[in-house]
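A single chain, nothing else alongside it, follows as structure tokens in the form predicted alone.
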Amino acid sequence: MDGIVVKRLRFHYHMSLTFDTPIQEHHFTLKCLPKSDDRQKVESLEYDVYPNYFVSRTSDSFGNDCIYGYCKEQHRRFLIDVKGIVKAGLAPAVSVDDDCQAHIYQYQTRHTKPGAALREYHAALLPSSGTGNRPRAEYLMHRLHRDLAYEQGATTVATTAEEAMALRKGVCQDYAHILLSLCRLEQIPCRYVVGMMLGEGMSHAWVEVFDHNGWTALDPTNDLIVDDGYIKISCGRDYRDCMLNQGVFTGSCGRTAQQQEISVSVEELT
């Protein structure tokens, strides 16, 4: 199992959204619920949404668990708390029943589409040895981690892989988007992942790469193969498929008048 040791992890995800003026007719989608797969087993899960009118739970087209809801009445705060226990590190990869399901992740998206900076960087890399998708993706991850500087505030959620590559700096979202772009330049199916890591802070992003063993997870920000200290929440083609909170509402509150706070804690249970 590639040295993976199983851990039982207790987590708490909290998000609060405050509006400077009341809003109403609020439709929202939340993707912040981990689910069981080959690598992890959700032993317990509870969530609380406020306001909690007309809340339901289902899955999206990528298989992610989602909370859908609607609140008609006026409110100035929106809260979500998710708590639970996950057994992580059960397998080195997530299996897939149908290879065709994986190949939709070979194609570039608006966030990963390469331009001059990414193509120039890719051209300077060692050519593929043809030994498989995972070894090649690991090589790309090592090089990216070496050549990109982690810097908060240098980019935004709207920054593309090409823009971050031109800056040679960014955060976990940028590392993930660039690795996706490089892999897709070589026709390697790969997908964006949002989840949590041991410790306290924010949510985290990494990449899953498909080969004959299934989906293997790589963390380019930390130059690591994802192990038993990670909890996966959702996956998709890029950041937009995995947005933790999406919504529309009516009211006079603009985007700059919204204040969002997110906190994540993950601890190992002995």
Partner chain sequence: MELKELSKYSDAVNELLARYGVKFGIYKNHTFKEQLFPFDMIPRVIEQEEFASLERGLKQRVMALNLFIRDIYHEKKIIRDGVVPEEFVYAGSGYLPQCESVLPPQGIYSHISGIDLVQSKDGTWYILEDNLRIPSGASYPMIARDLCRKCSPQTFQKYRIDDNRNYARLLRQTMDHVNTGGHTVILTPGRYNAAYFEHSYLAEQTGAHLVTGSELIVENDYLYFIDYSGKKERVGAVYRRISDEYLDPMNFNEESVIGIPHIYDIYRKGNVALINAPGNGVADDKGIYYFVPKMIQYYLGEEAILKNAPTYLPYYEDDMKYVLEHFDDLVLKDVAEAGGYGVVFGSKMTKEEKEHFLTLLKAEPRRFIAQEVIDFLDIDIVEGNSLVPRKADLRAFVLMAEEPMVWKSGLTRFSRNPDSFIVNSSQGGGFKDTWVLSR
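Positions refer to the first chain, counted from 1. A quick note: this is a predicted structure, and the numbers were derived from the prediction, not measured.
If you look for the form predicted together with the partner chain, you will not find it shown, but the lines that follow are about it.
Shown alone, this chain has one stretch from 198 to 206, 33 to 41, 46 to 54, 217 to 225 that lies within 4.5 Å of the partner chain in the predicted complex by heavy atoms: 46 to 54.
None of S128, T156, Q106, S95 but one reaches within 4.5 angstroms of the partner chain in the predicted complex through a heavy atom, and that residue is Q106. Within 4.5 Å of any heavy atom of the partner chain in the predicted complex lies no heavy atom of N213. In the predicted complex, at least one heavy atom of Q246 sits within 4.5 Å of the partner chain. Contact check for Q74: no non-hydrogen atom falls within 4.5 Å of the partner chain in the predicted complex. The closest non-hydrogen atom of G229 lies beyond 4.5 Å of the partner chain in the predicted complex. Relative to the partner chain in the predicted complex, residues Y70, Q101 and R237 are all within 4.5 Å by at least one heavy atom. Heavy atoms closer than or equal to 4.5 Å to the partner chain in the predicted complex belong, across 31 to 62, to the residues Y53, F54, S56, R57, T58, S59, D60, S61, F62, ordered by sequence position.
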